[in-house]
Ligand SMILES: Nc1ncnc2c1ncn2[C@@H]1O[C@H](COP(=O)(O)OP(=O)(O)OP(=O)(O)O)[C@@H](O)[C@H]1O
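Given next, in structure tokens, is a single chain: the form predicted alone.
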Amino acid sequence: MSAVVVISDLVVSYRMADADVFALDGVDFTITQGERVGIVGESGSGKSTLGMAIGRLLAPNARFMRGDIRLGGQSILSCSATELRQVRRDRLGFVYQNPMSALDPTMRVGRQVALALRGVPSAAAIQALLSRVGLPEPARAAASFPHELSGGMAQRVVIALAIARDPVVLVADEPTASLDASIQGVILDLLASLRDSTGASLVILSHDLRMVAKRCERLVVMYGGRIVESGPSQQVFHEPRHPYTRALIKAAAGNEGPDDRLEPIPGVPPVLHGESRNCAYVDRCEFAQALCHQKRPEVQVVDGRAITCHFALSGLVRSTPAQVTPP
């Protein structure tokens, strides 16, 4: 499949009051046409910055220090303001964490959908789009204000807005974070099914590795602003080759037995004030050795997976596999 997004050596920092904080530390990432890819990691891993950078939707204090983002061969970082608006409108779709903050509270849903569609859409076209995202009473939803909808219904409206112009890439940033557990899987299933009907590439950013692995073909694990493991979802989930992936799986709810407890990852993610000179995970890693403190690990390809670890080829992590149940 052809690549629709190519990110090369991307470094992004945020200017803070006392010092810059680096959120992306040299990321190379490609999204192919029509694929479903999940990007997972703890808060502060860089996943949301990576996803939002695709549309240059970062906070005003963000700075692109190095690298490039190309969508269909066009550099997003070199776009003028007019070109960028057109790219966001016609080629990208975004689904955000909180649907209520993503919708205009003063405008009826139907009006917001009409603005997202091309031309002057009819009531039937508006309702067809709302029906497409699973709203059972599209006419009623169209006539409602956002506060009159449940969280799940509001998120469906946000998804409708995101796919209104048939984007080539749909980015969902923690799309179930503000929803009840009972509706989270339904929304993720909806996003996965829309990939099949629209042909758009789907990128889901989440801390829930299990839910994402079930619905995406490729899993990308981030830590300290870098991609530490990337590969087919089931292989990454069941046979993690990076120590952080292994620890993340062991800490995830759903792996524990009746008398077991979750195994939290000790310590906290690093706050980077520059590009890391060693392994960013070294202070939390149960397999850390002297080399990890001294040298920045390079990406190694093992069994079709990209792994950023000095010992990816040694089988060190593989020799002590995490015990997991299927996603």
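Remember, predicted model here, so these are calculated numbers, not experimental data. Sequential numbering from 1, following the sequence displayed.
Quick note: we don't show the form predicted in complex with the ligand, though the next part is all about it.
Interface membership of S276, defined by any non-hydrogen atom within 4.5 Å of the ligand in the predicted complex, is ruled out.
G46 belongs to the set of residues with a heavy atom inside 4.5 Å of the ligand in the predicted complex.
By the criterion of a heavy atom within 4.5 Å, V21 is counted among the residues contacting the ligand in the predicted complex. At least one heavy atom of E42 is located within 4.5 Å of the ligand in the predicted complex.
This chain is displayed alone, yet in the predicted complex one of Q289, Q294, T32, N61 has a heavy atom within 4.5 Å of the ligand; that residue is N61. Checking R111, H207, R140, R118 for any heavy atom within 4.5 Å of the ligand in the predicted complex turns up a single hit: H207. Of the candidate stretches 276-284, 298-306, 53-61, 66-74, only 53-61 has residues with heavy atoms within 4.5 Å of the ligand in the predicted complex.
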